[in-house]
Structure formats: structure tokens, C-alpha cells
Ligand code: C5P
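First comes one chain, alone, set out as C-alpha cells in the form predicted on its own.
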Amino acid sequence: MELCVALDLPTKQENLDLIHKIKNYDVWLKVGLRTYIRDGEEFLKDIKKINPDFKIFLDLKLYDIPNTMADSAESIMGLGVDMFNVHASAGKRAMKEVMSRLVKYDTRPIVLAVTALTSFTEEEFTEVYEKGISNKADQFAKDAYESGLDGVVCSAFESESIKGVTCKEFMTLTPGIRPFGEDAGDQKRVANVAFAKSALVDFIVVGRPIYQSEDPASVVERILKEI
């Protein structure tokens, strides 16, 4: 299991300050929608200047018509990131189109599909998708697996089941991790590191418990030891 630190702070400088504090640790860095819209490709270059060994997860959750998603995936190839994601609810045709565009490259990023956002409650999710989270997450994961993707974004509670309906090598990345029982905030389906490990999660995403700490490096170190 690997740690992915979410760079969700209000300003570019605050994110850069956080990166400097954890630059000596072997972690992934997650660049989300707000950060990328605000700071763009230059921010990705700034990360690599601090530590070229950092791996970057570009968390933009592509969701559009198949051709536009595939065009966007090809544009992402030029950014030098190590992982990005799409929405599984865009459908198998869209996911297959994305992967077919990437075949021509010698190397490509890991590609994940978002199943059910961890901010959803069961009731809210059912209102949108007309099925419960666990059943629909399994279906989305099977669609992604059959479309040639590398894994999915899900909560820790769906991870083990998803590996059961796909295969153990099919990756699961779980946001909403509160490593040592911290407040859930706006997340609804949260878990700690021990539960994520037991659920066979491959990547855990941790944000607020790290960047809200007075000593982010010590929190990262504790999480890595727990992993």
C-alpha cells in the first residue's frame, strides 16, 4: 500500500510549503481540480523541481463524451504525470476509447475510474444511480476492468469486493482516509489505515490530517510506519 498526499490547500505557496516539508518521503502527490485549475502545468513542474522522484496523481475525474475524454487523456500524456482518473459512469465505450488512444505510447500513466465518490451517503447515491453503493461500485469496477483500465477510485469499504469481482492486481485507490480516527469533515465513508490494509487497498489518499497538522512530516512518517 502506498500513501498519496492530497495538495488541497488554498494557495499555490501553501501547497509548495507542504511539499518542501515532506520532500524526503517516498509518497505520491495528488493534484486535484481546484489546484490544477488555479496553478496549471507550472505547478506540476514545481513539484518535480522540489523532488524529481515524487509521483504525481492528477485527479481531474474526466467525464465527457468518449472522443473528448480520449483527447483529454492524450493531452495529459504531455504533462508527465504518473496517474490520472476518469469517471466510470461515462461508460465502457468512453473508457475503452481512452485506453485505445494510449496504446501507441511506450509508457503511460496508471489510469483509474471513479466509482462512487466518498462524499456520497447511501441515500444520496441511490437517488442519482438508482442502486446502492456496493452493487453499483462493483458494476463500475467490472466495466473499468473490462475496458482495460488499471483500477478504480472507491472507498475502503468497497475495495475487497471490487478485487473479488475483478482480480487482486486490479488497483484500488481510496480517498477519505483518516489515518488515526480524525474528524471525517465532508467525507461520509471514511476509514483508518488499518482497515484500508485489511481491505487490500493499493493507494490511500490523505489530505487534512497531514496539511492541518503543525508537523506534517511527522504525520506522514507515522502513516508510512502504519502502512
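Source: prediction; values computed, not measured. In case it trips you up, residue 1 is the first one in the sequence shown, and so on.
Keep in mind that the form predicted together with the named molecule is not shown, yet the notes after this line are about it.
Contact with the named molecule in the predicted complex holds for none of Arg108, Val152 and Met171, as no heavy atom of theirs lies within 4.5 Å. Though the partner is left out of this view, Arg38 does not reach within 4.5 Å of the named molecule in the predicted complex, counting heavy atoms only. In the predicted complex, none of the heavy atoms of Leu9 sits within 4.5 Å of a heavy atom of the named molecule.
Put simply, Pro209 is close to the named molecule in the predicted complex: some heavy atom of it is within 4.5 Å. The closest non-hydrogen atom of Ala116 lies within 4.5 Å of the named molecule in the predicted complex. Partner contacts here mean any heavy atom within 4.5 Å of the named molecule in the predicted complex, and among 42 to 50, 193 to 201, 162 to 170, 57 to 65 they occur only in 57 to 65.
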